[in-house]
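In structure tokens, one chain follows: the form predicted on its own.
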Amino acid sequence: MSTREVKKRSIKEISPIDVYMLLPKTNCKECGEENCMAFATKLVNREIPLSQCKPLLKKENENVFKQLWEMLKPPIEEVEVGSEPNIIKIGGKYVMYRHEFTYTNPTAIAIDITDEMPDEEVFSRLKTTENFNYIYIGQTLKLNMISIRSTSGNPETFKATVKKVAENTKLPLVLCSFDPPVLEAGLMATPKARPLLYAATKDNWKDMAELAIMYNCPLTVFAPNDLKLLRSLSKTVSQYGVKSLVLDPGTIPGDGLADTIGNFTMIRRSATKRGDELLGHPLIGTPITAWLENADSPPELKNWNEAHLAATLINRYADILIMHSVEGWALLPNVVLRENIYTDPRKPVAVEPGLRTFGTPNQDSPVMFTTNFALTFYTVASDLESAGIDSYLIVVDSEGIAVDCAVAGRKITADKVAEAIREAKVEEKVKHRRLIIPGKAARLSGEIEESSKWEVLVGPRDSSDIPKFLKEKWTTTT
């Protein structure tokens, strides 16, 4: 198989057999799998790294390793920004559409700081960025990076700001200036931080490339609304010796939004569908440009326009965003959107089944059950916690499916519920034998009573009504 043929093959065309034929086939189990075929299957599904096959790391297998890497590597280069242990990975995508295969490396969001901001504003923005977090279906959503922009154009001013920021945060950095001496001054302030450099253009590419090589940093190539030039710069800078590239086709708000979406889409399509390696790099979007439009607009409108532009770019393949707003209402929708897009479509988001306790339940406390679909569980848990209900909740394994769908698809059955009750050993914790089931599982009530020997109370269809249900029903039945 030629290298050209390998590059043209899509992820859907690679089978475990293709990979297995190149593996040592010794079934040595050093990778942690039972045999080489199991390892090949996980490689194709991107569940395990190629480097986990120890025999392939031997010098005599170097060519085979390279051949497998060519077969399995993503069409979009994976770029690391930052230094150990604080590294952000961007790119690494295998497909254009999420339903084809899981997206990897969620879009990194960087909050900007300029070298002309007063110290109190710099420290305030750093603190806000680092402390931003939101718990969403069991995941903690955060911001990822700091972007330092040179608005002064003065190398020493920029250097002082970079030093100040680097000393007060561990977040990876993006250093932004079109002036190579300014960027070099910033790099001198933090030579081992390995920031993303922004940006090389047709006018400064050589000096920028030399900085990227000297400091071993990834480099952004910038050609606004000119894909031909962007591709040419990518080729030139790569041939010059820069190892890791990020592409910026320009983020144009307002009337230019259609061009922005079209450019991002065409670049990603060229890389994933046509195998164009010169465009097979992560994409950076700059929603911050919304603040440059309509200078007299109120800040609330600019916040909104930036948030809207950021959401569009997350949906249209941006691997990293530079934003100005630190308003929670502008950032929160986008980190939630990002979380929803960057989940595995092959696996419902689920929690571990088992018994959960809320508050300080006793032997008279109510016992309920729900499924292990994450959104269902955390909704129920939130309602119980906010109402201050002391209770036991049995989480039944439904393969990550919501109650109504799990009942309809027989992922939740009376026997499963009865088995979950036994495994939870909840009968040792309460003196009653009454189980409250979700209203959407009402049709299983009789079967559950028969299988479990527990009395079943059909609860509300919505967990927000649990407090009212308990007040009306539980006190009269215990």
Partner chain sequence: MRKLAEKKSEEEIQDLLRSLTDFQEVELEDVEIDIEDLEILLHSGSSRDLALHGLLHFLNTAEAGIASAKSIITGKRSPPRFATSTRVARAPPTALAKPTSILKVDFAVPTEEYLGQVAEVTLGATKSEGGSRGKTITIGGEKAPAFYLFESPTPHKPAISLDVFDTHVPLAKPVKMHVAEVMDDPAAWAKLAVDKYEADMITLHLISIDPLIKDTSPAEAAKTVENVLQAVDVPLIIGGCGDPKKDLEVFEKVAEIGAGERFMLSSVTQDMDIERACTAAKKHGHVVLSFTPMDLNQARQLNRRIYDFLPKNQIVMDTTTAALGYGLDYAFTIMERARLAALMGDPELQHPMSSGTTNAWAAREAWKKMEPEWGPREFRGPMWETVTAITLLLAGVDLFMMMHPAAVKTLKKTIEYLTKGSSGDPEKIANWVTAKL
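Positions refer to the first chain, counted from 1. Treat the numbers as computed from the prediction; the structure is a model and nothing was measured. Only the largest set of C-alpha atoms that superpose within 1.5 Å between the two forms is called the rigid core.
Separately, the form predicted together with the partner chain exists; it is not shown, and the next lines address it.
J.: From the candidate stretches 388-396, 163-171, 359-367, 127-135, select the single one in contact with the partner chain in the model of the complex, where contact means a heavy atom within 4.5 Å.
T.: It is the stretch 127-135.
J.: Just to be sure I understand the contacts: of Met96, Leu355, Val351, Val407, which is the one whose heavy atoms reach within 4.5 angstroms of the partner chain in the model of the complex?
T.: Spelling it out, the residue with a heavy atom inside the cut-off is Met96.
J.: Is Thr151 near the partner chain? Define near as a heavy atom within 4.5 Å, in the model of the complex.
T.: Taking the distances in the model of the complex, the answer for Thr151 is yes, it comes within 4.5 Å of the partner chain.
J.: Answer for Ser51 alone: is it within 4.5 Å of the partner chain in the model of the complex, judged on heavy atom distances?
T.: Yes, contact at 4.5 Å.
J.: Since only the chain is shown here, I'm wondering whether Lys59 would be in contact with the partner chain in the model of the complex (any heavy atom pair within 4.5 Å).
T.: Lys59: contacts the partner chain in the model of the complex.
J.: So in the model of the complex, does any heavy atom of Met214 sit within 4.5 Å of the partner chain?
T.: Yes, Met214 sits close enough to the partner chain in the model of the complex that at least one of its heavy atoms falls within 4.5 Å.
J.: May I ask whether Thr413, Ala442 and Leu457 each come within 4.5 Å of the partner chain in the model of the complex, counting any non-hydrogen atom?
T.: Heavy-atom distance to the partner chain in the model of the complex: none of the three under 4.5 Å.
J.: Even though the chain is shown alone, can you say which residues of 287-313 have a heavy atom within 4.5 Å of the partner chain in the model of the complex?
T.: Residues within 4.5 Å: Ile288, Thr289, Trp291, Leu292, Glu293, Asn294, Ala295, Pro298, Glu300, Leu301, Trp304, Asn305, Ala307, His308, Ala311, Thr312.
J.: Answer yes if the CA of Leu384 moves 2 Å or more between this form and the one not shown after aligning the rigid core, and no otherwise.
T.: Yes.
J.: Relative to the superposed rigid core, does the CA atom of Arg461 travel 2 Å or more between this form and the one not shown?
T.: Indeed, Arg461 is displaced by 2 Å or more.
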